[in-house]
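Below sits a lone chain in structure tokens, taken as the form predicted on its own.
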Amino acid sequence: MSALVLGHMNPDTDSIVSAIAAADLYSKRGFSVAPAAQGEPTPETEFVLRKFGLTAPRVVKDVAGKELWLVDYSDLPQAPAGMDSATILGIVDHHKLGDVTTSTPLEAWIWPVGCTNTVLKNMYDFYGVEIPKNIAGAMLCAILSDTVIFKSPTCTEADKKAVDALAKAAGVTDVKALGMEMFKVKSAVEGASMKDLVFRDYKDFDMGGKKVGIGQLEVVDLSILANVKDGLYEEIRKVKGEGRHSVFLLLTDIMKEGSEMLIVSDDPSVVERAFAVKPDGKSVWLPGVMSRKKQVVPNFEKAFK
């Protein structure tokens, strides 16, 4: 039986493309593996898969008794059901080391870079395996997505170097044009439900023993969200009511390079403690804040202590 290469809950482009790329690499190293995902692709991810002729991984909700390679996460709140009886063979990630534990040694590549696919590009190089052209194109898009076309503070020189090499391998001549095309798809909200928008890029965290949800919508212009902002706020109120202390939704303007954060919390003052800015009613503008991983989660973790 093949082991599963599996990304986090509410998968984004990095999570799904990482599963595809890692499964390709592991299989060429002699392992029996298959890519999987914990949900269907977002519109952005569908665009990337379609553009480069790739198929979305099958959706898996329970991994009891299975062997796993984790990509793009190592936190139990991001894992599927059945993890207590699964065997973890390895981790490839660019986030902090989470609370996943193993009963046997594992192969781990966890780097402080902007995207898991940057780590995977270096793994292909390390093992001397050539990246297929279509997978190289998808990996390139994943890095552009996670680094917000190099605007995110999580972006490193390693990410830019990986993009240069992947663009050559994929035959992409204008990287930034591809990134903007992708973000226009990502910005589209027409026809999507409020729940789909909130969970398009959403994660739960344990902060000081409290369950805290943080979602993010990245758009080329915040005016795109003007007509749905009230609906988004009502939706995160519902999400909070499912047993969370707080839910925050980042509405990120990639051109203005900042985020408006919608706030629903048992203790709204935690926002001021985290960012030294007092919220204006239901929201707060955070100039320069582009990254949930680097600029939001660490601040809240300190504020919730």
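Don't overthink the numbering: it's just position in the shown sequence, from 1. Every value quoted in this text rests on a predicted model; they were computed, and no experiment measured them.
A second form of this protein, the form predicted in complex with a further copy of the same chain, is not displayed here; the remarks below concern that form.
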query: Segment that reaches a further copy of the same chain in the model of the complex - one of 138-146, 99-107, 205-213, 180-188, heavy atoms within 4.5 Å; finding: 99-107
query: Interface membership of Phe150, a further copy of the same chain in the model of the complex, 4.5 Å heavy atom rule; finding: no
query: In the model of the complex, Pro77 touching a further copy of the same chain (heavy atom, 4.5 Å); finding: no
query: Heavy atom of Ala167 within 4.5 Å of a further copy of the same chain in the model of the complex; finding: no
query: a further copy of the same chain contact in the model of the complex: Ile91, any heavy atom under 4.5 Å; finding: yes
query: Those residues of 266-305 which, in the model of the complex, come within 4.5 Å of a further copy of the same chain by heavy atom; finding: Lys293, Glu301
